Ligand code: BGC
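Let's start with one chain on its own, the form predicted alone, as structure tokens.
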Amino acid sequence: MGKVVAGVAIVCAAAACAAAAVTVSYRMRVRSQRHHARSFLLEFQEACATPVARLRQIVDAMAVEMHAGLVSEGGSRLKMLPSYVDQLPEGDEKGLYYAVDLGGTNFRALRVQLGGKESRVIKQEYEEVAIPPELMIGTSEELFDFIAKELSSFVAREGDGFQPSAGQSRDIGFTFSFPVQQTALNSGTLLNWTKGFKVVDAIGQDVVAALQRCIQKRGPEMRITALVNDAVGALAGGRYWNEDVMIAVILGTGTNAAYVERAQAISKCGSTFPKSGEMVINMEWGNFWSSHLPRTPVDETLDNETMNPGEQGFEKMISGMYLGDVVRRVLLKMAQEAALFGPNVPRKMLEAFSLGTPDISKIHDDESSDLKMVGNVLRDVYGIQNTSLAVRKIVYEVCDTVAERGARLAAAGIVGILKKIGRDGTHSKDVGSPVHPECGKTVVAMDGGLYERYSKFRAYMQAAAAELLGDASKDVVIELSKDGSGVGAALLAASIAKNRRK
């Protein structure tokens, strides 16, 4: 009997040792995988680093590219397109005006009743409509007829409080947030699509004429009097409320910037200058590129798999459309090479753009000790259950790295514009010129959901701008101009009508 008991004890001990060995082996494997994941994270963070010295190089590169783009067509990756807007709203405009805003997967129809200096915006309404995915890759006629149909429906519901002035037509400001070569204030040829659109037969065509034809076919008596980019619209919207606004930046699904330039600096426009002595420039800064930008192999892979490889490099590093997918690609590499989420890679993680920037904003806003929200997002988006705190910390740090890089690069872009117009504090202002009045304050109007709703991104950007500007930051204000791009187009239509009546 004793021998049996001893045998059982030996067997049990052996089993216990084997189980312990398996447990130790598993823990060592997990620890090794986690070490591999963290090593990859550190390598990625180093590649994304944006020290001040590097940011200053990007500031200088932006200013140089801006100058080159103003001198000649094709002289820069920045298109630096003259907008033909030489007079911005002043706040005394009156009447009823409309705007159509096409800048992404949705478009907006908007109307605004203006009451002049004292009343300003009396009333406004807008309607947002999703663009059917098939129209984003269909024909020009299909896309613009859909917009005209929805606009006609919106106009038909014009209610109390909206009334044109006596003898006033219903003028439209058309915000078209894609690269356009403007030939007049209300005429422009589409250069290329971005943000997932690929309506091939529209390229090279006048987008104002295309939409105007469809509006006339649908019936409402309206005319498009201004074609503006979203950034130009945001600049107009910002200036309506604050005369110190000189720059507007869009940070949303896509990104762009516009600013007020001295007309004499726009060499490619020849020697004919507007009476105001200035003109708004649509930079199309999403296509900015410099060897100083901290590009990683992850960015290169993303770029190669987009519909426009080699283009919009700056946009792919700082805009809302791409930030989430950069994070996804980093997490996927960790899942594949370091089993970060277990032995199996979540199938949905293989899908491009399955992780959106709103998701990484939620992760980044998680300040709880157990990072519960990080776990919730991983579960809801990818079905990953019961993640450890160590894994959640790695995911959080990936989001932080990508957002911080994007925000600091955006700040460098803004300071580059300030440098170009002499308002970054590095040299004296050209006092007395239209662009550099004696007032030392410069306001940058920001628009777009990324800047508005991603609080950590916004904080990183503000901090980097202050770091780059130093003492000059006291004279620069970066502030939200909510929905400036949409309202701005209507305000420009109002400004044009006012000047036409003079």
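Numbering starts at 1 and runs along the sequence shown. What you are looking at is a predicted structure, and each value in this text was computed from that prediction instead of being measured.
Quick note: we don't show the form predicted in complex with beta-D-glucopyranose, though the next part is all about it.
Though the partner is left out of this view, T357 does not reach within 4.5 Å of beta-D-glucopyranose in the predicted complex, counting heavy atoms only. Contact check for V402: every heavy atom lies farther than 4.5 Å from beta-D-glucopyranose in the predicted complex.
In the predicted complex, R170 stays away from beta-D-glucopyranose, with no heavy atom inside 4.5 Å. When beta-D-glucopyranose is considered in the predicted complex, G188 lies well away from it, no heavy atom lying within 4.5 Å. Only one listed stretch (408-416, 108-116, 227-235, 261-269) carries heavy atoms within 4.5 Å of beta-D-glucopyranose in the predicted complex, and that stretch is 227-235. For the three residues M446, S481 and G488, a heavy atom within 4.5 Å of beta-D-glucopyranose turns up in the predicted complex in no case. None of F178, Y98, Y240, F314 but one reaches within 4.5 angstroms of beta-D-glucopyranose in the predicted complex through a heavy atom, and that residue is F178.
The partner is absent here, but in the predicted complex a heavy atom of E284, alone among D424, E93, E278, E284, sits within 4.5 Å of beta-D-glucopyranose.
Shown here without beta-D-glucopyranose, the chain has T194, K195 in 193-224 lying with a heavy atom within 4.5 Å of that partner in the predicted complex.
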